[in-house]
Structures are given as C-alpha cells and as structure tokens.
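Two versions of one and the same chain are coming, encoded as structure tokens; call them structure 1 and structure 2.
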Structure 1
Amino acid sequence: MAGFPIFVDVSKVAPLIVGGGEVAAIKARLLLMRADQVVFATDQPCKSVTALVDEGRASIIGGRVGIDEIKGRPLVISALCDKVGDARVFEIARELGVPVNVPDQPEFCTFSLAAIVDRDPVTIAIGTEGAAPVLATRLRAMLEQQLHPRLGRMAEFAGKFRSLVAKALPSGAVRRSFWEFVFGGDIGRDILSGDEKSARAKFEKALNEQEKNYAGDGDALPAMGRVSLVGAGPGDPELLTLKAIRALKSADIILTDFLVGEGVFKHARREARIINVGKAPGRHTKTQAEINALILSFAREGLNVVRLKGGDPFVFGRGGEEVEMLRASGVSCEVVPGITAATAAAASLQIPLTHREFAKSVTFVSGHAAENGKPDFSHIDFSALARQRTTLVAYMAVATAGELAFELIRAGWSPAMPVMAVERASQSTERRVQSTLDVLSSDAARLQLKGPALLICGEVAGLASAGEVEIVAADVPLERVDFGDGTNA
C-alpha cells in the first residue's frame, strides 16, 4: 500500500469497530483519542468493551453487520480475528468506499493506523507502511521526549487569534514572520510555561505594533527583516543546535559558506533561497564587503536572512565584522553559536583539548597565509605558549603547516611533540593523521593533508584513542617530549 497521510474527521459520525474482543477495545481506545464515540458491532463484548460503554464512550449494535451498518462511517476497523468474517467486512466496506482496516492483515486494509504523538490539537502521525513498526515506536518515543507537553496549547492559542491576525496583517512574509516571532520568542515560552495571561498581553501588544507598521498597505513587507548569524557546526548535521535548526526553518534566504555540510540544508524550508557566498576552488569569491551588502539588502527587503557559517561564526568566521556592520546599519541580529572544528575533531578522536596534567589551556590560532603565501605568526608568543603547556589548535594551516611547526620548534616546543591533523572532522570522510612537529617542519607534504583540516599540537594529541589514525613518524626516533622550559614529560 502506498499510504498518503491524511487526518479523518471522526467527530461527527462514530467510527465502527466490528468485534468485541480485546483487540477491538485497544483500537477503540486509540480512536477515542479524537472520536467522542465509537460503535462496536458484537454479540460478545469483553469486559474492556463493556467498560467503554459504561463510560459513555461507546455503544453496541448486533454482531452481524451489512451495508446499512457500514455505509456513511468515517472508517471501519474489523477486529473479529476471524479471517472469513473480517474479509467479508473488508469487501463490503471497500465496495462502499468506506476506509477499512483489519489489524495485522495488510491485504484487508485500505488504510493503516499510524503511531501517534498526541499534543491535541497537534497530532503527529508516524507510518512505515508496516515495514518497521518498532522504528515507528522509537521515533514516537524520541518525539515524545522532544516536544513540550504543552505544545498543543500553543496551537490552540494561535487558533484563537488566527482570524484576528489575518485581518491585521497582510499574508505572506509579514504574517509568517509575525507567527515565527510568536512561536519562537517570549510569547511561545510563556504559553509553554503555562503563563497564558502574560502571553496574551504580549501578543496583543505585538500585534498592535505590527498592525500600525503595515496599516493600509496590503503588500508591505516589514521595514526590516531579521538576520541570524548561525553556526552550522563542522559538517555532521546532528551537530547542529536546536536554535540553528529553528533559524534555518524560518529563513527566507540562506547565505552560506562553502564549508557548510550539505545535510544541514534539509532543515531549510523548500521555498528558501540558498546562496553560496563562500570560497570554493576556482570560483569567483565574494569579498566580505559584497557579502555584507547582500545581507543588508535582503534584510532591507524585509526577509528573514540566515548567514550560515561552518563551525562557530565567531571562531575565524568573520562573524564579528558582520555583526558590527549590522549594528551600524540598525538591523537587529541574533547570533547562534555552533560547534567549532576544534571541539568536533577532539570529540571524534576522543582527545581532550584541556587536561589536568598535560594541557592547562587551549589556544586557537590561524595559519592563514597572507598575499605573499606566508603565515603571519608575529603576534603569537609561541615560547610563552610552550611554557604554559597549552594545546595549540591551528585552523587554516594545511598550506602553512611546515612553517608553523618550524616556528614552534624555534620557540622551544619539543620536536617530538605530537601533532594530530584532522581532515573533515565529524564527516563520513574524516581522516586523521598523527605525527610530530619535527616531521611537519621538515616535510609536511608527507602527511598529504587536504583542507578543510586542522592541526592539534600538544601532548593531548598523543592520547587519541578512537577510530583509525594514520601515523607518519620521524625517520629517526626523537627524544621524549620537552616543554622548552627544561622539563620533560
């Protein structure tokens, strides 16, 4: 069966359940999540069925059903648990065009029952077309856990004000962004926490303000859209934050960097426009000024703009410049942090970036090369870092790994200091190479690194314990680790 999910109204005419045993009672309870009443066709009601009748939720008609009993029902479940009897009910219902289901007999079903997550009036139905009921149950458990128990109140609240909002605000982006504001902000939080009085007051005030903004102009867009600077994490979509997903879902425009993993975009609305403004090999790259101008012009069109960046927007992401520009232009902006490549790589290898014994601090540096192809490390005191026993994580250092290692050794870092290079951390193609500063400084090409990758330098880099690690060792064994301050480990 290729099942298309729909919701059937069971509130006006009671659904019919043929049979009076335990299975019939279980199915009845399910239907009674939405139906006021069910009708059992049975001559032998079991205790559970009689109990439902006593509760006033069910009535009983005779066991032998025909066209008259089935016609006009929103649906029929035949739970006689007798193949011949159930097949007969199935045939009559099918002839009449009434949806029919015989539990556990797919060949006698014109519809199947979904696993349900119930936040009345919000209903989530999960189906696997019978292929994996246990998977459906797992999904239901996951959703049960994630969805706030008062989610239904949110829908009820919105339902009450729907026509009022429709009158006050033009349809399209304006109305949608108002509802986003309601569900995603303070008002939504108040509803979920049970303070509907406060939610209502805030809602009325916000609607009033919005209405004044757009009065008289049905096509008007908000004077200024919203911009979210969102960290997309290191590539694995499961490392997105819930806030990032929420921002993606409400975006009209997504301006993305090249490093953002493909899987991340499945959270965007189908209508959202995705523009890649990142650096890709052999492609014209937009300058930061061009990117800034784009963000601003979309925001001024009243659109919800998500500026999506790999990792965290504020770690070597130029997020600071974008925030400054938006502030100067009077555009409100939200920043959603992301998991930066360093912590993703460390987690994947199961090496701690700080360690009570081996690493009292962690330092992120950029190995980005200037126009002349050389990295500029003049602002970093590598010898002070050696004394601090820091873990040094170098971003953008594939091309300059040799120079970095050379500078570190020159500043007193032990040539035998372990280095872990991690390419595409958190992605299915992740690659890890363990080596030493000495190898890097004398022949970095031996590691055959390809970006995006980062280098973790420090004793913790020797602690990798998870997954496969390639090892590129020195030709001649080196001394034990020396911290440059005369102490050895």
Structure 2
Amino acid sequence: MAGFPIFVDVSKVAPLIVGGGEVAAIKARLLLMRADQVVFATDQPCKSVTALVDEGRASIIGGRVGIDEIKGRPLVISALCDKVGDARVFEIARELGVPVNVPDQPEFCTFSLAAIVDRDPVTIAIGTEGAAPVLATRLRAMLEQQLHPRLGRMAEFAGKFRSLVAKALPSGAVRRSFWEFVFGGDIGRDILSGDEKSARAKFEKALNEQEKNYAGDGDALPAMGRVSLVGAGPGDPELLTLKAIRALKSADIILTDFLVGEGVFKHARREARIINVGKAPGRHTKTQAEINALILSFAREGLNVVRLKGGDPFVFGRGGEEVEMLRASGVSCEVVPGITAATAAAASLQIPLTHREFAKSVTFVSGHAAENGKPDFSHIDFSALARQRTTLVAYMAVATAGELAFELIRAGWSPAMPVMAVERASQSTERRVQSTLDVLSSDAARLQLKGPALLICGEVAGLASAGEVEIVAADVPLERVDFGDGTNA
C-alpha cells in the first residue's frame, strides 16, 4: 500500500472544492461530516451546491482559481470533470504542497478519499487506493452494523477523564488495564445505554480503588488484572466470535492450547505475550495446577490474561476448574464461548446432529483414555442411548475408537450403524472418513486416524454429505470416492 492513512484537520480553514456540479456537492457533503464550512470555486453552482450555501454550510468564490485561492488550504478537491482544468488545479496544488484529489483521476491525486464510518469523534476510514471503491463501501456497511451508535459517547467520556487517569496511574500495563476495565465492563455498558450518570459514579469509584492499590513506588502490584476464558473454536479463525476477537485484542498474556489454529493469533495485539500450555497424549507442556498458577500470577500483576482454548472452554476444556480457581482467588473472570468441534464438523459436512426422523437428541462424550491408558465408559449408559436413537459425538477418540465402537455394539447399537470420523474440523486440512461400528470395533486402524479427530455415531452419519469423504467399508480395502470430475477423496 503506497498511501499512508492520516486524519487532516479541516476545522480551522475551509477546504476548497473546485467545481459546482453534483460531483462537487457529493464530495462537499463528505467533507462536511467534519468541516464546519467548505468553499466552492464555481460560476455555475448546481441546486445541491446552492442548497448548502443557503444552509450556511458553504460559500462560493469565482470559478477561476490560482495560487491565492489554493494556498493554505488543508486540502483541495477539483471536480470540474474537465481533464485540462483539473490537471491545472492539480499542478498548482502540488507545487504549493497542498493535498489535492481529482475524482476518478488517480494520476491527479496526492490523496484519496476514504469510505467513512462516523461515530463522532470516532472515525473509521476505509481505503482501497481507488482500486475497489465498491468494496470499501461494503466494508463500511459491515462496520456500521457492528459498531454501537453511541460509540462516540464512550470516546468523549474517556476524553474527559484522560488527564485524571494519567495523574493517578502509571503508564503501561496498569493504565491500559484500567481503560480495558472501563470500556469492557459495566461502565462501558452504562455509557452505551445512555446512563452516563451511573457510568461516572462507577468510574470514579474504580479509579479511587485502583489508585489506592498502587503505591506509586514502583514495587506495589496493581489489582486490576482480569482473566477471560476464551473459546477459539475448531481452528478456522473466521469462526471466532466478535467477543473472542475483542478479548484477544486487549490481552497482555495469552495462555494457549495446542489445538488453537495459527490464524487465530493474527487477532492478538502485537505486544501480547503468547505462552503454549497445551496438553496432548504424551506431551504435557504444563500440568493443570501449573496452568492455574500461571493464570493467577499474571492476573495479580494487573495484566489482562486470555486463557485460549480450542473449541469451547466448557466442552471437555477444563474451563470449569479454572473458573472455580479464579473465583476462590477473588480474580475477575469472564467466559467467552466458542464454536465446538462437533457443530463445526456437522456444518462442514452439512449433516445435522439432530433430525426429526433420525435423531431427536445429541450426546457429547469424551473418548480420552484415563492415565493408565485404558478407556473407561462405565459412567455412560450406552444402552439407553441406543433406545433413544440419539447422535453420539465422541471427542478425543482416536486412541479409543475401537474400544468405544465395541462398547456401543455390546450395548445394543447396530454393528452397521454409520460412523463419520472428522479430523481437524473446519481447517484447510480437514479429512472425513465414513465407516460403520463393526469396522471400527474390529480394526480401527483401517481409518488411519491421526487426530485431532472426533467421531459422529448415529443414523445422521449415513446421510448424504457435502464435500469429499473417504469410505472404509466392512471387509473391503480403503477406497476413495470418485466424484466424476477427475478428482477423488
């Protein structure tokens, strides 16, 4: 990108628009989002330009402009729609060092106009350097939907107290942590809801408490640390929730699992420290007790900590244990749910986990082996599930797939019951293998599962699915499905 985005002050000197047609009026209305006045250089103003003059938002000077009319302007837009005239204005402005733009003439532009999302005084500008203005407009529409209409009031609120906070709290992590607390908690919600009286009372109380907790001698520990247990989803960064992205962008420390997709970390602050504390069979970077200690230690330093987990923190993620520990320690905590692998796999395959004809319920179980290496399914009533015609989804079941299938058959599940194994659900390397319980129980190795993978067991696993699926049938070698287009799975 050759253009560097900046914001130009147009409040002190009115920008100049050369021309008086509809294009000039359109550009004027854009500038008037921030400028108090614009000046048109034209002898033939259109009705739209005249209307702006009548409203007191614009004035008109003669159509012939030179050095005196352009010099000192914050910017100039030449909308004569005449190449010779526009080129002349461009040359004068460039020689004077005044930013100049000629609509739809990139060779006559020293700056480009952005698509703007306006939450005064918050301004978001979107530019494509003229390559795709329609794309910029679409992006603006997306952001308009996502950003609260009162976002500007939050910025104004912060501006009133910025110097007060700077005097009370040291710069760096302590001050940033305080502002994150303001914007991300009850104070921010009160501002957005319009209750600024309540927001101010809570703000003053929080600042006083934080100032007391910090002695100012460089040794005291600030007490404003927060912890977020964040579900990173199954791996595809586009499946992150907006709340998860906001948490990542505010984190000082990110304690992550092995299963988190690399693309997820692109949403983290560049300054954030990322520590891998993942646990996998035969590969435990940290014990759960050590992870708990790390979370608590960083939070007590006043840092914003994100405990990042693949999938959802409360679906086989031990998030409940971490929440209990934080509550017992008096540390503020929030939980951000994530898309779990089962729903991601179902969406990718386009097969439902529940179906009015085939499955009225869905059950999630863990296939993870106990510490002695042997699976224990004694706590699950597989017989009752067989009678209910449910869908059974087994997480972390690569090592125990054969034993699980054997137990299901012994409990009354049909040996011919379809099974769909999905590795790395939602990721670019996703792999799907369809088989049956009898194949899985007799020789699970034939599916060549490497993990991370889950098993979907039930009649829905036999429904037609989208995309490529490997088939492993009983007493038949591994075959690949031919899709008739020269490709196969």
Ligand code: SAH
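This is a predicted model, so every value here is computed, not measured. By convention here, residues take numbers in order along the sequence of structure 1, the first being 1. Just so we're on the same page, rigid core means the largest C-alpha set that superposes within 1.5 Å between forms.
> Could you point me to the form predicted in complex with this ligand, 1 or 2?
Form predicted in complex with this ligand: structure 1.
> Following rigid core alignment, is the displacement of the Ile351 C-alpha between the two structures equal to or greater than 2 angstroms?
It does, since the Ile351 C-alpha is displaced 2 Å or more between the two structures after the core fit.
> After the core is overlaid between the two structures, has the C-alpha of Leu385 moved by 2 angstroms or more?
Yes; Leu385 is a residue whose C-alpha shifts (by 2 Å or more) between the two structures when the cores are overlaid.
> Is it true that Ala299 shifts between the two structures by 2 Å or more at the Cα, once the core is aligned?
Where the cores coincide, Ala299 still shows a C-alpha shift between the two structures that is 2 Å or more.
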